[in-house]
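A lone chain, given as C-alpha cells: the form predicted on its own.
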C-alpha cells in the first residue's frame, strides 16, 4: 500500500528544486502521491517551517512528512526519520520536525538516515532534499524499505528540539510573541484564549495591545466583519491561537509587528501614548 508524502521546504518556486525532488520521488515510487504543503518559507527559517508543519500535520493524510529547511546541509547534523502514530516524519535534525512530532503524540523510534542504498550518489553535499530525504521518503511511502533499513536508531534525547517562547502572565496582562505572519498579514501569537482568560480578558473587555512603548485599543471579536473597515482586532484563528488582524487590511502594515515581535495584551485603556489601530 502506497502512502502519501506531504512535502514542505524553503526551496521556493523560482528554481527547479521542488520539481526535481518530485521527480526523484516519482522515479523511485511512481504511484506515490505528493502533497505540497508549502515551499516559500524564508530561506533557512527553521522555526517558520516547523510551526507550519505542526499546524498542518493534523489535517494531512497519514503517511510520510518530508520537511527540508536545512541551513546546516553538508555538516555533521543528522538526517533523521521519526516514526509516530501519524506516520513517518523525515528531515534534518535541526528542530524542524520536533513540534509536529510532539503534536501527533511523539515518536516511538527515530533513526539516522545513513544507508547508502537509499540515497542517490551526488557530486556535492548541498542538495540532501534530492539525494537523501526525497529517496528516503519515497522508499518508506512505497513500502520498499522499513524505518530500520534507513539507518541506525538514535537516542530521542539527542534529537535537537525547537525552543519556542513561553507566555508570561501578570495580574491583568499576558506577554507573548508573534509566532507567524501569514500571507494576508495576520499575526498569530503564542498566546491562547485560555492565557487571556486566566487574567480576566475576554470578548467585550476593554483591551490594550502594547508593542514596545506604543499602546493600541483593540477588540476581541469572533470575525473580521465585527469591526469597522481597516480597524484592528484580536480573534481566535483557525488553529486556536490568538491572532492580530485588520479587517480588509494587514496587521503588519497597521502595527509595528513582525515574526518575533514581543507583545503585551492587558485589560484597560491605552495610556498617554494613545494610538489607534
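Remember, it's a predicted structure, so these values are computed and weren't measured experimentally. Numbering follows the first chain given and starts at 1.
The form predicted in complex with a further copy of the same chain is left out here; the points below concern that form.
Segments offered: 202-210, 146-154, 71-79, 91-99. Contacting a further copy of the same chain in the predicted complex at heavy atom distances within 4.5 Å is 71-79. In the predicted complex, a further copy of the same chain stays beyond 4.5 Å of every heavy atom belonging to residue 268. Heavy atoms of residue 125 reach within 4.5 Å of a further copy of the same chain in the predicted complex, making it an interface residue. Contact annotation for residue 60: at least one heavy atom lies within 4.5 Å of a further copy of the same chain in the predicted complex.
Remark: residue 55 counts among the residues lining a further copy of the same chain in the predicted complex, judged by a heavy atom distance of 4.5 Å or less. Contacts with a further copy of the same chain in the predicted complex, taken as any heavy atom within 4.5 Å, map within 10-26 to 10, 11, 12, 13, 14, 15, 16, 17, 19, 20, 22, 23, 24, 26. The distance between the CA atoms of residue 126 and residue 119 is at least 3 Å shorter in the predicted complex than in the form shown here.
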